[in-house]
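For this one, two forms of the same chain are given in structure tokens, first as structure 1 and then as structure 2.
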Structure 1
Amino acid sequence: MRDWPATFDLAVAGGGNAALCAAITAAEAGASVVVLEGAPKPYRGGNSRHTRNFRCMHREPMFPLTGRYEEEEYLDDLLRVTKGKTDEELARLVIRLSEQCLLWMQAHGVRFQPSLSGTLSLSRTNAFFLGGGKALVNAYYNTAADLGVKIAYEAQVRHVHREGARITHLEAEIAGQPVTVNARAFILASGGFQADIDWLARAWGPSARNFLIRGTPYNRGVVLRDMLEQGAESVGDPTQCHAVAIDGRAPKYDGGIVTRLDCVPFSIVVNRDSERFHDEGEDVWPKRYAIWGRLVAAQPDQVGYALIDSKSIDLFMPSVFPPARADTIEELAAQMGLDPQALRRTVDGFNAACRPGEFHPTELDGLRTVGLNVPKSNWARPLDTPPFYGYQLRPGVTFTYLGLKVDSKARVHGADGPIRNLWAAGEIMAGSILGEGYLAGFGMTIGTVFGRIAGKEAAAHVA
């Protein structure tokens, strides 16, 4: 910090994808920039270091994407998963600008690999990072350093000092020491509040204490709460979040992408009473995987159990922990703490309801059940081929959707209009577009697009 100027052109609170895209864009426009990353250096990057891919509009094949994925199809996918709860103007903006991002990302050090096959079915819509999100984060930090961006780690922003329609400075702790950060413009990209379990419990009730936080433990919503208390306009429901069903053996925090289980479309999923509670095959997995965290959260003890047989064990991404394994349904139930007879009745009823047809694991195949109160619409095959396998599921929260309301220029608003020198990007404003549900790779798209917008606008403000 000894070489810091007395006043930066731009201070960025946060150190993930959105923050780095903003910092790089502003630095390339000539601004002096500081990034305040709350985590220690080995854990830098927020949730971005756990990501794998970026959802991108394109009109023709472009490596690593196949075919084409145009605006109306992209928007339709988003509207279906959010049930229409989105700001369509902002959603279309993100979709359209995503087309420009792929080349920009490559120009700033991000490398891509061919999309994965199998359950994910994303070769046309999502570009996968070579080396995953950690490689992307490292590339951006290297680029930012080359541009002269100052980086502070263990830099917890405690207060954003607002005077009327402008921000004057940030109060932070850097490596435990109080520091005042002066700047002419500010970007907030410090994520949601999911790592604050008390806040989650106030929103969801006591059941939230059983949730696992698959993302960074450093996103506690300190900056978000501070801005809301100072009259910034909010958007989003505090009970809505990106929550997926993850392996129940995952750690409380920071398990990341590897704890996700992709077996649900080929499974039956039951609760602790051995009862199915939702259609496991209603759509392809990238469009429906993010509903399962909320579904499991609504079950007794916030737990579920995914059961498959040997026909399906190789059809999805391997799990980080091996599944339970048994030669009979009753033995599997006993291993998983379920009532063996109750589970046997559920499996027998499901098997009897399955109808013959052609099974296609990577597309909707219409292989469905008939006569069940909870149907399975696709990929419904009897569990009849031992050995049998099982996974315990728990809700894994990635990020929350309560956030700061922004406009198309990423400006944060108060009751009287825009705060003149304040912008937001990434998960702290994603609730402007994600009212509920999730679309694989879309969080990275929001962060990249709005990070670049915020960086451009902030640099123009100080120019």
Structure 2
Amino acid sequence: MRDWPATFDLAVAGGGNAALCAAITAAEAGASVVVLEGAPKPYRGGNSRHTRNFRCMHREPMFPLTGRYEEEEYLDDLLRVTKGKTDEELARLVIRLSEQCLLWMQAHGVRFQPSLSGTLSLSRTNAFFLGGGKALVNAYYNTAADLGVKIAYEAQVRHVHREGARITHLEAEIAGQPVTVNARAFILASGGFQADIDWLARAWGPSARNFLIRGTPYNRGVVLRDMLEQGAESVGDPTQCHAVAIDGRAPKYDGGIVTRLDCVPFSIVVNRDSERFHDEGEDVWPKRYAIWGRLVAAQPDQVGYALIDSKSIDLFMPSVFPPARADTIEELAAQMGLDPQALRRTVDGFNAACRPGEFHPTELDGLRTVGLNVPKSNWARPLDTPPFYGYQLRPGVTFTYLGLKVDSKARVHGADGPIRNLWAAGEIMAGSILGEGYLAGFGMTIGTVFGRIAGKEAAAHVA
């Protein structure tokens, strides 16, 4: 910090995609910028380092995107998942500007690859980062460094000091030492609060303590809470988080993409008491993917067990940990800590309710059970061919919805209008657009678009 100026033009809280897009944009416009990344260097990049693609509007094919994906279709997709809980003006802004992002990202070091194997359904709408989100983050850190942006790791912002309609400075702790960061403009891009389990438990209920956090342990919402306490306008349901069902053996934090399990439609899913609780064949990805986190969260001990037989083991993406495996249902139950008799009954009941018919793993095949209280409406085949396999499921939290409300210039508002030198980008304001649900690749789009807007506005403010 010895080579730091007394006052920066711009201080950015956070070190993920949104923060870096903002810092790079502002530095290119001539501003002196500091990035305060709360995580140590190996963990830099927040949840952005776990991502794989962003959703991009385009009117004609452009590498790596196929076909076309235009504003109305994009908006329809968004409205469908958010059930209308979206600010249409901001949504259209993000969608329109997403088109320029692809070239901007490439110009700043991000490289793309064709849709990954197993994700062909996204090749038209989502551009995949070559090497994934960490490669993207690395590219941005290098670009930022080349532009003279100062980067501090282990730099936790504790307090955003507000005086009336202005922010005067940040109080931070850098490598354990208290530091005051002076700047003329500030951008908050420090993500959501999902890694603060106490906050999650207060919002969601005590069962949230059994949730796993799919991303970084450093997004604890410190800056968000500090701003809310100072009267910043908020948006998004404070009690909700986006959760999917992941491998129960995943680490508490940072398990990332590999812990996802795609086996549910080919399984029966039971709870701790060996009872099925929801139609496993309800719908195709991505809807079913998003609902199972909540379903498992609502079960006793927040745990579920997906069981399949050898007919189906090769029908989905490989799992990160090998499944439990046994030659009988009873043995499998014992291995997984379930009651063998109870599981046997559930499986027998399910098997008896299956009907013969054509099985089509890639489409809604209508192969349904008959006479069960909890039906399975597609892909219902009896579990009868050993070896049998089982995965424990737990809710894995991706992000929280509560955020700062921003306008189309990314400005943060207090009770009496915008704070004049404060902008927000990324997950911390995503609730302004994504009030519910999730659209694959939209988080990075919001962060890139709003990061660039915030960077541009902040640079103009100090110019």
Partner chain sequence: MSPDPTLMDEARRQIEICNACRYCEGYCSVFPAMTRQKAFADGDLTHLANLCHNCRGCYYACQYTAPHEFALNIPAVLADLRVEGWERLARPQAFARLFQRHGVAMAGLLVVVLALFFWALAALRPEEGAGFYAYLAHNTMIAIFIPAFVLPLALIALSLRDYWREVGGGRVRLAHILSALESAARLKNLSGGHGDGCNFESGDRFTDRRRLFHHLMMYGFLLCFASTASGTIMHYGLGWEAPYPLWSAPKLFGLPGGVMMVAGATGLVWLKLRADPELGAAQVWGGEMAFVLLLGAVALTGLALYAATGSGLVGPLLAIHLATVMVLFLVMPFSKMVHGFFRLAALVAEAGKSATAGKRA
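Since this is a predicted model, take the numbers as computed values, not measurements. For residue numbers, the reference is structure 1: its sequence is counted from 1. For clarity, a rigid core is taken as the largest C-alpha set superposing within 1.5 Å between two forms.
Only structure 1 matches the form predicted on its own. Relative to the superposed core, Pro361 undergoes a Cα shift of 2 Å or more between the two structures. In the core-superposed comparison between the two structures, the C-alpha atom of Asp314 has shifted by at least 2 angstroms. Residue displacement note: Trp204 has its CA displaced by under 2 Å between the two structures (rigid core superposed). In this core superposition, Ala334 moves its Cα by 4.7 Å between the two structures.
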